[in-house]
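For reference, the chain that follows is the form predicted on its own, supplied as structure tokens.
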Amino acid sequence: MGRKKKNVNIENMSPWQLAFRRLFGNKLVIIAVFVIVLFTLLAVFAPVISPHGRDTIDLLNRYQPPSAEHWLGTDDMGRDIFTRLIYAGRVSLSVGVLSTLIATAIGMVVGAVAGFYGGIVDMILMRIADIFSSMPFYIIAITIMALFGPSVAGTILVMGVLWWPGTAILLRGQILSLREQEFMEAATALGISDFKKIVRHLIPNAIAPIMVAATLNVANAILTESALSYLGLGIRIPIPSWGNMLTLAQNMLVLKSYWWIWMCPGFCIFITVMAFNFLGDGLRDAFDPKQDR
């Protein structure tokens, strides 16, 4: 006799319960979460895990291929690549998450105020958002980095300050729709302040698409940091990031003969960005009201 399938009464589930049920029923999302958690744990516990010092130079062991002593080989200065890779994960993941948090926070404030009050406030804030959206990001980022010097904090701030319009426009559209609902009329009748209406009623009901956008923005931020660092305008050596570890691949000899030097950070960028993209796609599908219940 076959097993009887457990009946799940989805009619009694809240929208959030249904969303998370769909989310973790997606195998790609589970794999993505595993990858993100794994890379995060490696980055957090890098001093415990790493068998060598982050900046330890061993000129007698330059360009060594992967071995029992150096799991992923060594670079042009004899530094252990595995050690630098997990320390670089700290920087790249921090840049991705923190820049996204800054951009999301600014965008949510602007979008919520513009959508709730409308009129002249909405027009002014959206024109400001249009100005920021029309700015060529890489040109401005490269200019700022050239003027003030590459740094972790500078990279985070540049991306955070320039990337908020997308979140603002998204949240504004959600709030314009929600503010006409009956629950908002009830909140007005009860004399609830505008601040509480926005924070307690509107934003929680519009948070799902913001979560999706933020997840995808983390992946974009990691790629952007890697591009800036590869150009020498992001994170400056000796602080390792996955992007500046790829700068050695500019040497044709390294590109042809020492594959482990550039393939390892390249793989980390690829797999992490893919994981965040899969998670974002999974969140988008999970919160889609058109999904079959």
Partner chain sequence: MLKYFVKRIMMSILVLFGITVIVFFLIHWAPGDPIQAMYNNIPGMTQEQIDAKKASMGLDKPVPVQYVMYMKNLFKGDLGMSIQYNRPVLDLIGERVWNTFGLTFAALLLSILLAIPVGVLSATKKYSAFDYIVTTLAFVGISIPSFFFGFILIKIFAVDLGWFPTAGMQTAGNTFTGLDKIMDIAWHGALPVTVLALINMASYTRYVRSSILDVIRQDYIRTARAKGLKEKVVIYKHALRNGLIPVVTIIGSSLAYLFSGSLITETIFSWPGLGKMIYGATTARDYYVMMGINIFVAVLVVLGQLLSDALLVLVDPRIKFK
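Numbering follows the first chain given and starts at 1. As the structure is a prediction and not an experimental result, all values here were calculated from the model.
Missing here is the form predicted together with its partner chain; even so, the following discussion is about that form.
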(request) May I ask you to choose, among Ala46, Ile31, Leu231, Ile239, the residue with a heavy atom within 4.5 Å of its partner chain in the predicted bound form? (result) Leu231
(message) Counting only non-hydrogen atoms and a 4.5 Å threshold, tell me whether Leu147, Ala227 and Phe270 all contact its partner chain in the predicted bound form.
(response) yes
(message) Taking any heavy atom pair closer than or equal to 4.5 Å as contact, tell me whether Gln181 reaches its partner chain in the predicted bound form.
(response) no
(message) Within 4.5 Å, heavy atoms only: does Ala189 come near its partner chain in the predicted bound form?
(response) no
(message) Can you work out whether Ile86 and its partner chain are in contact in the predicted bound form, taking contact to mean some heavy atom pair no more than 4.5 Å apart?
(response) no
(request) Decide whether Lys256 counts as a contact residue for its partner chain in the predicted bound form under a heavy atom distance cut-off of 4.5 Å. (result) yes
(message) The chain here is shown without its partner chain. Which stretch in 196 to 204, 73 to 81, 104 to 112, 128 to 136 comes within 4.5 angstroms of it in the predicted bound form, by heavy atom distance?
(response) 128 to 136
(message) Just to make sure I understand: among 247 to 283, which residues lie within 4.5 Å of its partner chain in the predicted bound form, judging by heavy atoms?
(response) Ala249, Gln250, Met252, Leu255, Lys256, Trp262, Met263, Gly266, Phe267, Ile269, Phe270, Val273, Met274, Asn277, Phe278, Asp281
